[in-house]
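Both blocks below hold the same protein chain, though in two forms, and each is given as structure tokens: structure 1 and structure 2.
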Structure 1
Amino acid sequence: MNDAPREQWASRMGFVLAAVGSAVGLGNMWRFPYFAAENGGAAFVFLYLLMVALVGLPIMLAEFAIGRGSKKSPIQALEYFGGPAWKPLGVLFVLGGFLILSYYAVVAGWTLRYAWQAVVAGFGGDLGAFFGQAASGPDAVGWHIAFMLVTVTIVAGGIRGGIERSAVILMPLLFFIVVGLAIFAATLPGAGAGYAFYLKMDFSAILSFRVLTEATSQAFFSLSLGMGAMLTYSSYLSRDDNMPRESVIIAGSDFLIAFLAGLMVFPLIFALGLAGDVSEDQIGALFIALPGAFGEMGAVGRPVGILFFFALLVGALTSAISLLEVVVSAIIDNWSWPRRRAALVMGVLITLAGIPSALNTNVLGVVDQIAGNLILAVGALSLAIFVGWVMPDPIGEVRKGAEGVRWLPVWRAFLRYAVPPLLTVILYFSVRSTIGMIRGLFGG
């Protein structure tokens, strides 16, 4: 067990930017706009914000309370407040981070490959064949390894020297790129049709149980909850940080970037005549249709393509850093390994675990369903029960540094009575979907 003094963030802003980076990922840059357009536009955005308030913020604050209160990584933190019986939940968090990063780094490797292609040659030729080569096989394995190498290097640098330093540089850069591309997209002919598609108001969607489930799932997973990332990051906080304030800032920033990404993507798609590609296949639109359109835009297409895929890459990298930190922090706390050794060994193991996903996109889809949906839903549901009913005085812990906050009893009541039913519904649909995907993979 590691008894060395725990690292701390150098500044409040460093923590906030790192936590926002954990939340902002490929799901924000592409999945959120796509889901909004396909599920009622502004109605989906409204439901998403509602679910952030009802589910996302309570779970995030619960992770903060456990992390800062224990000053430990997930396994030891759950044992600290709940005894040995709750250690398996911490193990589940670490396992979830391990598995999610194993396939997430494969998809991130695709974005690294495309960013490199945009820089050195631009896009042209048979982009369907190019994506097929990039998405699976030896090329996918190579770029997967390259992305993991960058991630391991940053995490090995420590909280201040690696994670915080990268977040302070990368997150403002990501914001300015997304805003710049959104402004550029607004000047293109046909941009108005993109806005109309993205933000149409379908009032019937508000009453749709399916859309509500999608919005809850997106709100929950886009905030990096249920995998121990926020718990781990908050374990490096000081006692006087205002965690309710930080949770609102993080959730708001995560939504802002996701919303701006839609203002960037859909005007581009409609201006370039790609609306049919989006409705047929969101992955195809992202990695085949859009690059092809960049190649046909003339001189401006190449820099736009570089910025677009660099923004995707930054979002992927900041999320990957937090996933690896969950695993590395647990190894340091439980086995007393030096940080660099823990980052290197676990990085190698995660890279090896991701190779099947790099070789076969069907495997990637199943692992995503199991780890990215099922494990996270189980973890978050257990977390809500733990902080709502088991953890001694979570309100007292959150109130440190936030003495003026009056709504903390309401927060705990939500964890007890509102969040578990909602997450139980999400879990039910996750189980059904996972069983279906596993049967499909094995021909059942």
Structure 2
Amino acid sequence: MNDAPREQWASRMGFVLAAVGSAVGLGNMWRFPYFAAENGGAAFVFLYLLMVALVGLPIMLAEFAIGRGSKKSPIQALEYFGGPAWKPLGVLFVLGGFLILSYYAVVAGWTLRYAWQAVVAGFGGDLGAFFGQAASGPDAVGWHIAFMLVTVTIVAGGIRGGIERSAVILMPLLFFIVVGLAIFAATLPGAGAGYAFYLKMDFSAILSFRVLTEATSQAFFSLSLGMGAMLTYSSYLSRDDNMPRESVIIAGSDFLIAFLAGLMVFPLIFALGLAGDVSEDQIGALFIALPGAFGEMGAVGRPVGILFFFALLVGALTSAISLLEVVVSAIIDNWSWPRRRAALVMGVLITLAGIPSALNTNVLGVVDQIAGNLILAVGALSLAIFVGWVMPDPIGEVRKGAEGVRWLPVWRAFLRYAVPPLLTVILYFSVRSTIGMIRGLFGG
């Protein structure tokens, strides 16, 4: 066992900003806008919000109850409240963090490369070819390594000195940039067409299980749920804060940034008549169409491009930090390693595991589907059952610091009776599309 006293956040604000930092990332500013545009526009946004309220918030509160209640990293926390039979779920969380970070850092590496390009030269020429070069092969591997180096350095710095400090500085900055760019985008001539593309209402999507599944997976991914990230962060809480209120703040900020990202991205693209690029290749869409817009905009294109990729990078970094922290905290607690060694060794292993994704975007897509969709859905379903049926007194735990909140019994009943059947249906569709995708990869 590790004898050092458990680290703690310095302030409530620090915890909230770090949790928002975990939630806000590539999922918001890159995945959400084009998911919405492709899956029914306003209908998707509506279903997404519904799923955030129905399953996202209850699961986030469930993770907080386990984390703060046990003050332990995932594997030991689940054992603490549920006995050794629940340890494998903790192992799945750690594996999830490991796998998600392996490809997340690859896309973050592209972002780093683009941010660099925005600063040193700006965008121009054949951006499809530029993306092809940046997104696979040696370039992608190199920038992936560079991004992981930054992530490891911050996590090695500890909860207060590394994670909290970076979140407190970076998250307000990100927020102002996104709001500023969304306002700027609203002044562009193509704004109306951009909003229409983003939010046109497709009523049939509301009744589609496929869209519902997409919205649910996106909610878990965007809120960092189902793999113990929020559990781990809340395990460093010292005081008994009002966790229901904090989960609403975190989920609200996460949605706000995702929604604003759409309001900034599509007007930019439509103002410059590059909409055709968006629909071509999902993964690359924004990395081709947006720089195209920055390149065409003349003098303002340069600063706008720098700000956009900087914000994207900040979001990716604070999320990657939380992914690595899940793995590192488990290693510290289970093997008694010092934090620095855990961060370094795990960082190297995750970097290596990401190399296939850096070399081939199809591999990246499959790992995303398995870890980013499937593991999170399995994890969230198990968490609902765990806190609903197994954990001794989750309501009592959440009530500390939230004495006035009346609906906690409703929350628990929800975790017991509503969330599991709903997520079982979602999981069924998710497994089906995973199998389809793996078949596709092998050309079957």
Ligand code: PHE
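Only the largest set of C-alpha atoms that superpose within 1.5 Å between the two forms is called the rigid core. Here, a residue number simply tells you its place in the sequence of structure 1, counted from 1. What you are looking at is a predicted structure, and each value in this text was computed from that prediction instead of being measured.
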Lone-chain pair; form predicted alone identified as structure 1
With the core lined up, does the C-alpha of residue 414 move 2 Å or more between structure 1 and structure 2? no
With the core lined up, does the C-alpha of residue 322 move 2 Å or more between structure 1 and structure 2? no
Exceeds or equals 2 Å, Cα of residue 386 between structure 1 and structure 2, core fit: no
Align on the rigid core first, then pass along the CA displacement of residue 41 between structure 1 and structure 2 in angstrom. 3.3
